Ligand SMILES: NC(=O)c1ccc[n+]([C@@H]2O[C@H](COP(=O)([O-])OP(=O)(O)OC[C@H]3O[C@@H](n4cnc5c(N)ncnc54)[C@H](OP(=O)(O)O)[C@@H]3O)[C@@H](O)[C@H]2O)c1
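The data below hold one chain only, encoded as structure tokens and taken in the form predicted alone.
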């Protein structure tokens, strides 16, 4: 469990074939409701893959558990070795090879941060080759709901061009606690956009997570002069 209601799940392709994907893409899990009606849910890949390396067979996702949710029942009922049906990867919420920006603004809430975890090796490569900067604003209600916080803190500590800014809307970490971080905020991520001076001449922004956050940040970034093409969005909606 990454958080009280969020699980990190590892899968392997049962046929042993590689999973070829671009960081930022998602897969769909197919299952049926109790009455037999077929349905599916989409989950961004949290899998970290080294650029240029041969693709592996692993699939990693983060799943929010929703009380009474059919997908939640599916995942909570899985034992080691059980299988699920999946399709994909799909999606274009990815770093683009022709990007010529100076900085990425990565903004997320909750499990919306999983694409950015997958992007870390590519961001590392681009920081080294293009000299870009990266700011990750990650929103959570409290420290125990901050997903992959330890990994992002470690990455920021090892890469001066990467700035990790957790934003806690309800409860801040206690000073000196493991979740304490020198660069954090008390409030919602959209409250702090002005602080990072979004620049239409050099920024590309990614928004992923709560639809209200995505909409608010999109309007704010447009107000700062960023073109629609400079703001890439993906909304996460919890489904039963």
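Computed from a prediction, not measured in an experiment: that's the story for all the values here. Positions refer to the first chain, counted from 1.
If you look for the form predicted in complex with the named molecule, you will not find it shown, but the lines that follow are about it.
Non-hydrogen atoms within 4.5 angstroms of the named molecule in the predicted complex: do 5, 140 and 190 all have one? Every residue of the candidate spot has a heavy atom within 4.5 Å of the named molecule in the predicted complex.
Taking heavy atoms only, is residue 145 within 4.5 angstroms of the named molecule in the predicted complex? Yes.
Is there a non-hydrogen atom of residue 64 within 4.5 angstroms of a non-hydrogen atom of the named molecule in the predicted complex? Judged by the heavy-atom cut-off of 4.5 Å, residue 64 is in contact with the named molecule in the predicted complex.
With a 4.5 Å heavy atom cut-off, would you call residue 170 a contact of the named molecule in the predicted complex? Residue 170: yes, in contact with the named molecule in the predicted complex.
Wondering, does residue 184 line up within 4.5 Å of the named molecule in the predicted complex on heavy atoms? The answer is no: residue 184 has no heavy atom within 4.5 Å of the named molecule.
Of 59, 204, 49, 213, which residue is found within 4.5 angstroms of the named molecule in the predicted complex when only non-hydrogen atoms are counted? By the 4.5 Å heavy-atom cutoff, the listed residue in contact is 213.
Which one of these stretches, 105-113, 158-166, 124-132, 81-89, sits within 4.5 Å of the named molecule in the predicted complex when only heavy atoms are counted? Looking at the partner contacts, the answer comes out as 105-113.
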